[in-house]
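Okay, here we've got a single chain as structure tokens, the form predicted on its own, with questions on binding and movement later.
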Amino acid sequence: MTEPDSVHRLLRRPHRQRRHYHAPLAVIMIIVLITLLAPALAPYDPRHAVSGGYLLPPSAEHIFGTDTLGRDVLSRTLWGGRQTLSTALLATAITIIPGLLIGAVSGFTGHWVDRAMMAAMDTLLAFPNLLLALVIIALIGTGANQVALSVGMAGLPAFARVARAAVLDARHRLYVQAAWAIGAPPHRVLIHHILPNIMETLLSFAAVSLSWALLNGTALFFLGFGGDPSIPDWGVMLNEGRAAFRVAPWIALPPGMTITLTVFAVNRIADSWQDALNGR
């Protein structure tokens, strides 16, 4: 009675429909792999100065040069990805899990429960994401985990709204009406008939939420809310390179280009999923 799951349907699509996923997915996999292998790939300690001086331009010894404190920029970029990506993934999980729960319960239950939950979400949606994240982090303090929590909570209302809309749409489908007709209990209708058939829509918006989390998390680290500034992070590196950009642009360019490439690839995957959904 339910449609095949999203992964199976993706694999069954013609090659011309799936080829748009390949390049951005490959970019994401390469970036993740490089950051995971940072301990083996980084030529220097990212937190300590190297011998030879500071603000050294790119060379064979230091491919991306050194920063204002004499630390190797390549090593900090590799290690910084671990902090940046892990924070973004944690923030996305904080967005998706409660957002899906709130949206599903609100859309499936209806009545006063729906009105109360969506009133709360609409109140939070009145604030821009970054501003709401700043308010939350001002209340809970600074640190990498606090950044992830604040960014995740800031993205929760939008995801809850999308999940609710998808559930409301699925409630009127024939397969859901058939499940009700044969006497399926409410929890079974929601879990086995509605959620599997809205998963592609949720996955598409989850990718968008990941790009938002990456940008907002980087912005908070850039502003100095990430805690220990010696721990490499792409946002911290952008802030460090900002003051010396005229004389040493190599400090900010690697993390900036990596952030741009990662967000572009994630958004391209989300767009491809949405195009596939609209095509059906």
Partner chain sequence: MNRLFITALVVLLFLAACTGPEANEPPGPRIVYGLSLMPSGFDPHINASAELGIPLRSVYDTLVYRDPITGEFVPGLASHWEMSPDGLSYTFYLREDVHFHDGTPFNANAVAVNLDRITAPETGSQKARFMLGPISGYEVIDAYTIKLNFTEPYAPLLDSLSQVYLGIASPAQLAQYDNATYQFHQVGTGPYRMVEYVPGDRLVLTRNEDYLWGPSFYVAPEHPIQTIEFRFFEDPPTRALALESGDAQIMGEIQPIDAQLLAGNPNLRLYPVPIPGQPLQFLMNTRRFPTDSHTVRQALIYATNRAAIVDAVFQRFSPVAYGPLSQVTDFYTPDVAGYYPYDPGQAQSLLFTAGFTETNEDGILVIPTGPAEGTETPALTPTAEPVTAGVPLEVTAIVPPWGLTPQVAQILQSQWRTIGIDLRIRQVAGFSQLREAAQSGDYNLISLNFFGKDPDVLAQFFMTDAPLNWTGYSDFELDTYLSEGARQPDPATRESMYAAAQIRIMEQALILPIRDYINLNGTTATIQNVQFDSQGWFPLLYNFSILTPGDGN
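Numbering follows the first chain given and starts at 1. All values reported here derive from a predicted model rather than from experimental measurement.
The same protein also exists as the form predicted together with its partner chain; that form is not shown, yet it is the one meant from here on.
Undergrad: Please pick, from Ala26, Leu33, Val247, Ala40, the one residue with any non-hydrogen atom lying within 4.5 angstroms of its partner chain in the predicted bound form.
TA: Checking each option against its partner chain in the predicted bound form, the one that comes within 4.5 Å is Val247.
Undergrad: Counting only non-hydrogen atoms, which stretch in 135 to 143, 190 to 198, 177 to 185, 98 to 106 is within 4.5 Å of its partner chain in the predicted bound form?
TA: Going through the listed ranges, the match is 135 to 143.
Undergrad: Just checking whether Ser230 would be counted as a contact of its partner chain in the predicted bound form - the rule being heavy atoms within 4.5 angstroms.
TA: Yes, Ser230 sits close enough to its partner chain in the predicted bound form that at least one of its heavy atoms falls within 4.5 Å.
Undergrad: State yes or no: in the predicted bound form, is some non-hydrogen atom of Gly224 no more than 4.5 angstroms from a non-hydrogen atom of its partner chain?
TA: Output for Gly224 is yes: heavy atoms within 4.5 Å of its partner chain.
Undergrad: Should Arg71 be classed as touching its partner chain in the predicted bound form when contacts are defined as heavy atoms within 4.5 Å?
TA: Arg71 belongs to the contact set for its partner chain.
Undergrad: My question is simply whether Ala49 lines the interface with its partner chain in the predicted bound form - judged by any non-hydrogen atom within 4.5 Å.
TA: Answer yes; at least one heavy atom of Ala49 falls within 4.5 Å of its partner chain in the predicted bound form.
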